[in-house]
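Starting off, we have a lone chain in the form predicted alone, written out as C-alpha cells.
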C-alpha cells in the first residue's frame, strides 16, 4: 500500500459502507483501517512511534491482567470453549441485575450487531438508520439484502440530535431500527427520557413495531443505559462491549441484553466458540472486578476535557463529547485532509470521515496526556481563513 493510496483519499482510513448505503461514510466498498505496518511504510515512520487516534480504544489495559492470565485454565486450551459460556454469562447478568437467560455473548459488539441483523432482517426487509452514525449498520443491513432507510439527524450546530419524528416515520413497516447512543462518530447522547419516548412510539407500531438494537458501546462514558427499560420493551436489544471502558478491545468480547424470548432467538444464530477460552476467562474476571473500568473512565473523561480545551485554544472547532473521542470540525475537506496528512507523517493516525454530513471532520480518540500532547504539537494552530 503506497503513501498515495493511504494518504490521498479522505476516506482511506475509515470503514466504508456500500455506496448506496445511508451512513456517514458512503464510500465505494468496505475497508478496515490500515495496519501499523502499512502506515509505517507509506509515511516513512517508525512503527513503534505510531499512535492510533482512530480506533476509540482505551490507552491502557487493566493492571490485573497479568494476574488473570496467570490463573487462566491453560491446560484446557486443547479443547473448545464451553459453548454455553456459563461463567461469563453469569458475570454479565450479575453486573446488570438481569437473568442469565437475557444475555447473549459474542466476539465483540460487532458480532452481536451481525447476529441481530441475521436474526431480524429478511431479504427486502426494511432497516432504519439515523445518520450520521456507525458505519457498520449499513454494511450489515446490505449483507442481509435489506432495504436501508435513512432518518437524518438534526443539524451539526445542535449536536446532530435524533429526529424522532423522522425516525418513527421511517420505521413504518421496518423490521429493525439501528440506534447508537452515545452516538459514534458524533460523540453525543440523547436525553434518556427522549429515548424512552421514542421506544414507546416505535412499540406502538403493528406487531409491536420493529426490533430496536441500541448500541451502547460508549455507555460507561455518559448517559443512562436502556437495559433498565427492557421489561417494558420486548423488542429491544441492548449491545455492550468490553472494548472501551474495560480496555480489552483485543480479547473481542461483547454481549447483548434482551428479554429472554428475544435473547433465545439471537442465541440460535451465534456461532459456537466464537469467544476463545482465554478471552472468556479475562472478561469474566474483568466484570467481577469493575474498579479498573470506573477509574479508566474517570481518567479518560478528565483527559478528554483537557485535550478538548487545548484544541479549542489552538483554534480548532471541537463540540462537547460524552464519549472517549472528540469530533473536530475543520470547516472544509481540504483543511481536514491536510491536517490528517500532517498527523500521519508523524505516526499519529486520526479517523477521517467519508462523504456525507461529516466530510471535513476528524475524529480523535482520547489517549494518554503524553500521546495527546504529541498530537497537539503536530496538529498545531488551525489555519485561519
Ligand SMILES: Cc1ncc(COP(=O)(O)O)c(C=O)c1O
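Note that the coordinates shown come from a computational prediction; the quantities given were computed from them, not determined experimentally. Numbering follows the first chain given and starts at 1.
What follows is about the form predicted in complex with this ligand, which we do not show.
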{"property": "Candidate stretches 134-142, 221-229, 191-199, 157-165 - the one whose heavy atoms come within 4.5 Å of this ligand in the predicted bound form", "result": "134-142"}
{"property": "Contact label in the predicted bound form: residue 303 to this ligand, heavy atom within 4.5 Å", "result": "no"}
{"property": "Any non-hydrogen atom of residue 176 within 4.5 angstroms of this ligand in the predicted bound form", "result": "no"}
{"property": "Partner proximity in the predicted bound form: residue 184 to this ligand, non-hydrogen atom cutoff 4.5 Å", "result": "yes"}
{"property": "Residue 108 within 4.5 Å of this ligand in the predicted bound form, heavy atoms", "result": "yes"}
{"property": "Of 95, 126, 265, 252, the one that lies within 4.5 Å of this ligand in the predicted bound form (heavy atoms)", "result": "252"}
{"property": "Heavy atom within 4.5 Å of this ligand in the predicted bound form - residue from 130, 113, 170, 286", "result": "113"}
{"property": "In the predicted bound form: members of 204-223 within 4.5 Å of this ligand, any heavy atom", "result": "215, 217, 218"}
